[in-house]
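One chain is shown next in structure tokens, namely the form predicted alone.
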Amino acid sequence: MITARLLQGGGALRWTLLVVGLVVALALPWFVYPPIATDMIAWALFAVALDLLLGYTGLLSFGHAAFWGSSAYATGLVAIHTGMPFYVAVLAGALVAAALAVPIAYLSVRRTGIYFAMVTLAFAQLIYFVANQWRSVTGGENGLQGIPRNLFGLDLSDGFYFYYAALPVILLGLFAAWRIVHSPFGRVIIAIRENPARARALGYSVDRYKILVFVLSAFLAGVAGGVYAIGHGFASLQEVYWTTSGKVVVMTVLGGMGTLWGAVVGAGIIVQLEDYLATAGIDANGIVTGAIFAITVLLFRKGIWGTVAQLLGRRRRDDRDAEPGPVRPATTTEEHADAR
């Protein structure tokens, strides 16, 4: 069967998914309002960044808005005051987010479970307070406005063209996340998620690996936050508020933790759903999104993409078991004796 042949090797399925994903990314602004398409890919990278912590390392962070938002502000400031291409501004914002993550990681990774989540939330609220009070830099409640889309003199005022200018940055971030997961480092963080004591007994510095993956996750979240700020032309307190952290957690869990693809799917669903509700004039974002999230968690324990991946894996095993093995000719007792 075609399905059996497609799933015969993990490599074939992986390349098929990559090609399909790339085609969808390239075609997205033709079928979705371009600014919404830009939001989708930015939130997708943000969700993938969180998935490195939540899905692959087993650390639930409720404070990732600190890195998304701090990068948004830093990116905006660099773009406004230097006039550099927005690629440079986004990189600067991501580096600021990574630098901010270092002390937070050192103070957080010694905690686990809900305690880790609460510590990261506390730090995120601290960043929110600083952003609100430092009005001369962040604009306070008015936000940072007038962030330009500079790129070597190109006119990117049209959201359609900006999407294709921002897409390579997002794809590089997604590739970096994929490379991290499929590297020896990725195997170690998965081992830490499964059994930290055993990983420590094997000689791995568990806290050091957690700090490193935390900083890498913050860097990718910063890239996403910078693209988001450039796309909207402003950075506001909403970017560092705790609801932003909760929103990206919902995206990751909805799509499926520990899958990367699930984070992308979850982000696309939530962003498109919010746009549809806003367009339809339905002022019940939280209720509708929460209901869909609850139903998904109850019916699809591994998330949408996680459940699909599980079904495909089961189908692959069933097809492999159904394939006839090599038939060996029957031998008589005399032939056995001659063979001996």
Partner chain sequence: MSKMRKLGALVTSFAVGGTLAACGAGGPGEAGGAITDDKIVLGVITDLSGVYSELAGENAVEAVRMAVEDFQAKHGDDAVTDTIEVISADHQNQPEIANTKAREMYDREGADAIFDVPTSSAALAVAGVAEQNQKLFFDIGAGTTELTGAQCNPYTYHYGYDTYMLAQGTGTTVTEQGSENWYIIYPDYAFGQDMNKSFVNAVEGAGGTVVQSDATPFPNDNFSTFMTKAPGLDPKPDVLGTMQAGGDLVNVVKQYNEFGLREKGIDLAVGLMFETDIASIGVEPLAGTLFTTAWFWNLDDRSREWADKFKERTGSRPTFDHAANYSAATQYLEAVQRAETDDADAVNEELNGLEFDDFFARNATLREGDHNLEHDSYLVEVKQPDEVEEDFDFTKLVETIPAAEAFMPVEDSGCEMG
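Numbering follows the first chain given and starts at 1. The shown structure was predicted, so the numbers you read here are calculated from the model rather than taken from an experiment.
This protein has a second form, the form predicted together with the partner chain, left out of what is shown; the following refers to that one.
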item	value
Among the candidates 238, 205, 195, 183, the residue which, in the predicted bound form, approaches the partner chain to within 4.5 Å (heavy atoms)	238
Residue 175 within 4.5 Å of the partner chain in the predicted bound form, heavy atoms	no
is_contact(residue 234, the partner chain) in the predicted bound form, heavy atom dist at most 4.5 Å	yes
Contact test in the predicted bound form: residue 36 vs the partner chain, heavy atoms, 4.5 Å	yes
Partner contact for residue 200 in the predicted bound form: the partner chain, 4.5 angstroms, heavy atom	no
Proximity to the partner chain in the predicted bound form (heavy atom, within 4.5 Å), stretch among 225 to 233, 91 to 99, 211 to 219, 253 to 261	225 to 233
Any residue of 253 to 280 that, in the predicted bound form, places a heavy atom within 4.5 Å of the partner chain	274, 275, 278, 279
